[in-house]
Structures are given as C-alpha cells and as structure tokens.
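Let's start with one chain on its own, the form predicted alone, as structure tokens.
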Amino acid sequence: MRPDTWHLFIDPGILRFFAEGLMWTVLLSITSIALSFAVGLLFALGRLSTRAWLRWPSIAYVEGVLAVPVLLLIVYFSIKGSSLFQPFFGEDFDLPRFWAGVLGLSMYTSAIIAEILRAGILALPRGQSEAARALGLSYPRTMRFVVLPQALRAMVPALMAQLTTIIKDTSLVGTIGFFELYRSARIIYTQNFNPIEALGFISIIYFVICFTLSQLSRRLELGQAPKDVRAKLAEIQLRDQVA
C-alpha cells in the first residue's frame, strides 16, 4: 500500500481523467443494454413461438451464449470483429474497440434478457392472451398491447439488476485496450505503483452507481412481481453467476 498517494485522488486533473473513464463506462453500458433488450426481445418471442424453425434456433442461441464466458465474447469480437463486418463495409473496415466491447457485452446480456422476458410472459395468466384473441386481436397485437406491457412492468427489477451487472462487466472491456473506468485506474496505478489505492477508488465509484440502481429498482417495483416470476428470475440470476 502507498497511503502517500491518496492525495492524487483529489487532484482535479486526476479526477477529470477518472471522469472520462466513467463517461465511457456509462456509454458502454447504455449502448449495450439498449442493443441487448432489442435482441433479447426477439429471441424471447422466438423461444415462445409455435414454429419450430423460429423456436429451435432461438433456444440454441440463448443456451449456447449463456454457456460461454462474456470475456471470451469480448475478446472474440476484438480479434475477429473487423473480418466479420468487412463483407458489408469494405476490406478496409476496422471495428472500433468500443463496438467490439458493445457486441460482446450485448450478445451475452441479450441471452439473459431473453430468459427474463420469457419468464415474465409465461408467468402471466393464460386468460389475458385468450381474452385478447377472443376480442379479435391478432397474435402480434396481443403481444404488443396486452402481454408485453404487463410482462415488462413485472420485469423492471430484473432488468435494472441486469443493468447493474453490465456496468460491472464493462471493466472486462479494458482487457482489449479500450479506455473506461477500470482502464483509467490501471493507467494511474501503473504510473504511481499504487494498485490498492487506485482500485479502491474506482471500487467506491462502482459501488455508488450499482447501489443506487439497486435501490431504485426496489422502489420501482418492490413486491409487484408474482412469486413464480421471482422464482424464475432467481434461477436465471443463479445461472448468470455460475457462468
């Protein structure tokens, strides 16, 4: 430990340096969660489809992605991402590290969100969709106007918890050289030989952000999700921790 370096963390220049890293962390998180939600919704509906050509590829995607560590996905897109997109954008295309991180985080998180949304949809009483179909609503309109609004309302705590998780997972993007909050701390402690102090400082930042989001999710939907939904979400979160 080097207590004599604590004064660095009240230096305006150092604080601006950390603030820039925090900005990229937040941007990574917001972009990844938005993309994950869109993709996750598609695969959740695919898993619930009665058409085998939609259901089985969706099951394969979700189960396959959840079996792979998120770090491997980030590294894969960092190494092979450019070649994957060159047929669409030209041979000179070079995938930025930001988007390599977003794609890795989004691919893994979309599989988790697909399971969360599927759990919310299955937990709703069948009478909801049956009544909508009896009124003449098509399947897409039933999902859009009846099922999804209720399922999403019950899923708010789980989605907020996943946002908390993705904020912490952004630290993995630093392994491919992208500058974010963890990377900024690594640069500081490499120059000043104070890893405990630098990592302790960003740990406080992560804690404040994640604790605030956790409390917000509890206030939004505390106790509103049905018991069977909460049981399914607990199973999904346990699988996420094991992975």
Partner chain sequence: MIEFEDVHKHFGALHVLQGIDLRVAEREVVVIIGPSGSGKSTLIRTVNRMEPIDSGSLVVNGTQVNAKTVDVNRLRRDVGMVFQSFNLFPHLTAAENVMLAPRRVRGLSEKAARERAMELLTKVGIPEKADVHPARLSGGQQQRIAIARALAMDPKIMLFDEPTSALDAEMIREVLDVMRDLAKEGMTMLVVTHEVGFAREASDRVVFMDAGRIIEDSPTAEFFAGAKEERARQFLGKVIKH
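Numbering follows the first chain given and starts at 1. Since the structure is predicted, the reported quantities are computational estimates derived from the model, not experimental observations.
Here the subject shifts to the form predicted together with its partner chain, a form of this protein not shown in this document.
The shortest heavy atom separation between Ser138 and its partner chain in the model of the complex is within 4.5 Å. Contact between Gln150 and its partner chain in the model of the complex is found at the 4.5 Å heavy atom cutoff. Taking the partner from the other structure, its partner chain in the model of the complex has a heavy atom within 4.5 Å of a heavy atom of Ala134.
Contact check for Gln128: a heavy atom falls within 4.5 Å of its partner chain in the model of the complex.
Comparing 73 to 81, 86 to 94, 103 to 111, 119 to 127 against its partner chain in the model of the complex, the single stretch with non-hydrogen atoms within 4.5 angstroms of it is 119 to 127.
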